[in-house]
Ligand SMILES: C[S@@+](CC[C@H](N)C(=O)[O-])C[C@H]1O[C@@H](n2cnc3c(N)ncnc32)[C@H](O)[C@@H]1O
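First, one chain by itself in structure tokens, the form predicted alone.
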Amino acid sequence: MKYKKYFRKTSLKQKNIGDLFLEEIQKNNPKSFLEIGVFHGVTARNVCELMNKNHGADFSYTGIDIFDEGDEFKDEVAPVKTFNNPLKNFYFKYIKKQNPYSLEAVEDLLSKFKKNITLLKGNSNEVLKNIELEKVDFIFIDGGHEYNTVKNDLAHSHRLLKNKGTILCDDLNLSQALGVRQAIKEFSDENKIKYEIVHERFAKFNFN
């Protein structure tokens, strides 16, 4: 399956990286997916399309994001939220009349799968402390990039997986994301869990 951008911004925009990402998901063939850092919802839509192709209506997707244009979390190395393409600016401002980085816009993009999705608005440092998922077998971490946030996301992801499933962390190779690499290494060392570097970009933890 090819990764589609749905006329929105995505962090998986480099040539073929979206396709390679979906290949990694396909290897594990999850039925219950948690994404930390939804942004415009492009990855969410692609993952839902893939799970729907593989499992029909028998899948679930949960996404967590701050869905906020403010600067409160500017130190988290958030993606650029504005479009360079004037057509996209026009489309969202005058046709969709949506802020693409809003809960409303992401719900709209995922409306095809509204019975299968749960979107949670808030900082993962707080949200993850208060959720329990009956079953989750794949977690994609691409939220805040500050050290404490990544460490928190990894710890709670490990708890939610109950030692069965996969965690895939994005931006291991991002030059300004020193906190990401430090948190991943410490999580690995402290829990004596090795990780695999995938496509020079992702850190992958497999629990079986």
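Just count from 1 along the sequence shown to find any residue number. Here the structure is a predicted model, which means the values were calculated and not measured.
Keep in mind the form predicted together with this ligand is missing from the figure; the text below concerns it.
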Legend entry - Residues Phe7, Glu49 and Pro100 all lining this ligand in the predicted bound form, heavy atom within 4.5 Å: no
Inset, instruction - Would you point out which of 136 to 144, 177 to 185, 52 to 60, 158 to 166 contains residues with a non-hydrogen atom within 4.5 Å of this ligand in the predicted bound form? - result: 136 to 144
Legend entry - Contact label in the predicted bound form: Pro30 to this ligand, heavy atom within 4.5 Å: no
Inset, instruction - May I ask you to state whether Leu20 is within 4.5 Å of this ligand in the predicted bound form, using heavy atom distances? - result: no
Inset, instruction - Evaluate Val198 for contact with this ligand in the predicted bound form, applying a 4.5 angstroms cut-off between non-hydrogen atoms, and reply yes or no. - result: no
Legend entry - Leu154 within 4.5 Å of this ligand in the predicted bound form, heavy atoms: no
Legend entry - Residues of 119 to 143 having any heavy atom within 4.5 Å of this ligand in the predicted bound form, listed in sequence order: Gly122, Asn123, Ser124, Asn125, Phe140, Asp142, Gly143
